[in-house]
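So this first bit is one chain, no partners, the form predicted alone, shown in structure tokens.
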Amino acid sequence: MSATLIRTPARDQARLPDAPFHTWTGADGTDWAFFHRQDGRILIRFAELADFVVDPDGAQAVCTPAPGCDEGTLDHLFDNQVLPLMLSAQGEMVFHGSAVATEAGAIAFLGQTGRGKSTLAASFATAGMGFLCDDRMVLRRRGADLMVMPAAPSVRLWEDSANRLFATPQDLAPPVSYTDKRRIRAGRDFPHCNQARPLTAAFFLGDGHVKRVRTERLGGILTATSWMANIFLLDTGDKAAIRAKFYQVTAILTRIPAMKLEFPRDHDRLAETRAAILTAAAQAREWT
């Protein structure tokens, strides 16, 4: 599958006549991406940064940056926000998730922004289990398996997490203007797995308001709604697209054990959290 990006000259963002039909909200509760329908296509506005107008089949997007938006930010918006939506529109299974490669296969972490997906992926990588992807997980069928496809070899972390996870300075990608997160490139002590791995367990992250690590098996409709809540979808009002994504999710339900994960947001307890996750994943594989 391919997705074409066309860039046009920068210009001020014009006021749009209609309210957005969908928004993305950041960890701080602020809306930061706004979805509008425009002449049969979807306009995604990142306020004061750029507008992307995407064809409904996900084949092409036209990017118009706002004045002053730098190239690194534009590339990041496309690669991490718009491209997953385009791939989803083309039929790919794309989720808001991070994944790591273990000896027994890939483990995925899914959840809302700020739930700790990237921190967990980075923590596993510093323990020698390479990360596959950060906050954009593509699944593809390969025989009886669902494979996690490797993505860019970098993870975005808040400064406190980066400082606690790494004893020495790391290779940083160019900064992105709309976030204070640091994008850390893979390296010798921070491995990236560049080969697809079969997904063996999925953990849906809670809000972290707990004193100890807890895992709970999900089943039935709760599993389906958890997967659907974390799927990339270009037009959230397109009933046919929603139905197609739901059919994709039903194929996951019988193959991949799913659990809710609650863990304390304490960097000193990440080793304990990793151990609990590996234990729960091993037990979960016996369910299938």
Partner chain sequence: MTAERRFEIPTHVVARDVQGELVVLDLEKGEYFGLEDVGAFIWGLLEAGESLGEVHARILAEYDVEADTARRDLAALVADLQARGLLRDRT
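Residue numbers count along the first chain shown, from 1. Remember, it's a predicted structure, so these values are computed and weren't measured experimentally.
The form predicted in complex with the partner chain exists for this protein as well; it is not shown, and the discussion that follows is about that form.
- Contact annotation: the partner chain lies within 4.5 Å of heavy atoms from the stretch 247-255 in the predicted complex, the single such stretch among 35-43, 247-255, 49-57, 66-74.
- Proximity of residue 26 to the partner chain in the predicted complex falls outside the 4.5 Å heavy atom cutoff.
- For the chain shown alone, residue 186 is not a contact residue for the partner chain in the predicted complex, no non-hydrogen atom being within 4.5 angstroms.
- Contact check for residue 61: every heavy atom lies farther than 4.5 Å from the partner chain in the predicted complex.
- Taking the partner from the other structure, the partner chain in the predicted complex has no heavy atom within 4.5 Å of any heavy atom of residue 165.
- None of 93, 149, 205, 218 but one reaches within 4.5 angstroms of the partner chain in the predicted complex through a heavy atom, and that residue is 218.
- Taking the partner chain as positioned in the predicted complex, the residues of 226-249 that bring a heavy atom within 4.5 Å of it are, in sequence order, 228, 239, 242, 243, 246, 247.
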